[in-house]
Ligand SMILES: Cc1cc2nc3c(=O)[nH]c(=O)nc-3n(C[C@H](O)[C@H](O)[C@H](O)COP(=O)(O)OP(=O)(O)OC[C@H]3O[C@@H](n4cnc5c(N)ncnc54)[C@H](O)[C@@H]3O)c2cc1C
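Read the single chain below, which is given as structure tokens and is the form predicted on its own.
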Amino acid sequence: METLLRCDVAVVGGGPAGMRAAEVVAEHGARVVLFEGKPSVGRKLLVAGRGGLNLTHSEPVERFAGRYLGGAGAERWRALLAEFGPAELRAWAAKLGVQTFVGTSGRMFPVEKQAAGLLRRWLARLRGFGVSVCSTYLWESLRPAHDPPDKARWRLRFQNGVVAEAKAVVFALGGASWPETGSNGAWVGAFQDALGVRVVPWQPANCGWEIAAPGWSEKLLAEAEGKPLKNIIVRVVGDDASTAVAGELLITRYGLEGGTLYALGPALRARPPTARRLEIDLKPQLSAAALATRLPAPVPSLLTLDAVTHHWRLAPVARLLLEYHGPGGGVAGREVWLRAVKNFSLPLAGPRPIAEAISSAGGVAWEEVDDALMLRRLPGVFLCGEMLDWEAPTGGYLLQGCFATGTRAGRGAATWKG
């Protein structure tokens, strides 16, 4: 005999987006049950907390919407952020008793730089609103229920045999990255095949990239693996120069990691596999002409790597790149060295597996949902968080997107249930 749970609104997925949706619905006086497939909620929030829990960013809201890529468009994101943007997120944290600060990069963090304390306070607030949290409830299927006959309800089945009925359902099952948190994208088949919802295929976002064969030399890895290339500018070959990103890269055994590469990920994925090439300015502080004036006069016809390293004050990791993957033999003419330093080129094979990515691109297509984030073909069923087709850079934009969509879906569900 099956166990039946009834509630006003069922929220499926206990990450930041699902918890926020449950909170918003409960604030409207609804009976909410939050279902989580893992033994505890907030796992992705705790993983994000390893980096200090970057909640959001302090940049002007008018620029914020442009950080989100996917099928929604900037106008839709502007509306979402106007409803629950960085200022609202900071005020929300303050109501939990969590004070925040803005770092030198513009990123916003809790003062205690931890996720555990915020999560404890958040769970206490949810319980105070009467939200029931059911852990180890792995969602299996959704179908309409009619109980009573004159009012449509939804019936959810979980793998433990429990069935829940609700007037409205909010799904917050996450994307396909960080599968250890339960966010593995396995829900796609149920939505796409059983429910007829169009889903944009997953792609890894904010991830490392492998360099093309033959890869790094063992000599380079012996000296540079795990070390950063700092104060550089990186761009995708063939793209407009305005897309260049300043920052740093990390040398890894398979290729490269780092925030500059994460920011260029969408541009790299958009190019044909054989045309994915990075160009790195190893000395962006000086133009090629300025570098040329720093060489001794008269300039020798051939210069050694030691000479250009000395005259141009190249960083140790930049020197190693030029030594093992630069002009052959470490001796070349001035123009060859200038090109190598100002336009160091690296062909890339592809991104690392999505399970290693910080986030994922893809998800339910935006035309499948209305402004309340309700599925058009399934009235009363709402989506939020990384289930939707969007991606954003690191720096607080990912969590902000989850909170903003969770707020919108929660309000939509609260209105729907009546």
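Start at 1 with the first residue shown and count on from there. For clarity, every value in this text was computed on a predicted model and none was experimentally measured.
FYI, the form predicted in complex with the ligand isn't displayed, but the following is about it.
The contact residue chosen from Tyr137, Phe344, Phe84, Tyr262 relative to the ligand in the predicted bound form is Tyr137, the criterion being a non-hydrogen atom within 4.5 angstroms.
Of the listed positions (Ala48, Ala26, Met374, Ala361), a single one reaches within 4.5 angstroms of the ligand by any non-hydrogen atom in the predicted bound form, namely Ala48.
Looking at Gly182, you'd find a heavy atom of it within 4.5 angstroms of the ligand in the predicted bound form. Although the partner is absent here, Ala10 lies well away from the ligand in the predicted bound form, with no heavy atom inside 4.5 Å. In the predicted bound form, no heavy atom of Gly380 sits within 4.5 Å of the ligand. Of the heavy atoms in Ala22, none are within 4.5 Å of the ligand in the predicted bound form. Residues with any non-hydrogen atom within 4.5 angstroms of the ligand in the predicted bound form fall in just one of 361-369, 345-353, 40-48, 58-66: 40-48.
Contact residues in stretch 391-409 (any heavy atom within 4.5 Å of the ligand, taken in the predicted bound form) are Gly396, Tyr397, Leu398, Leu399, Cys402.
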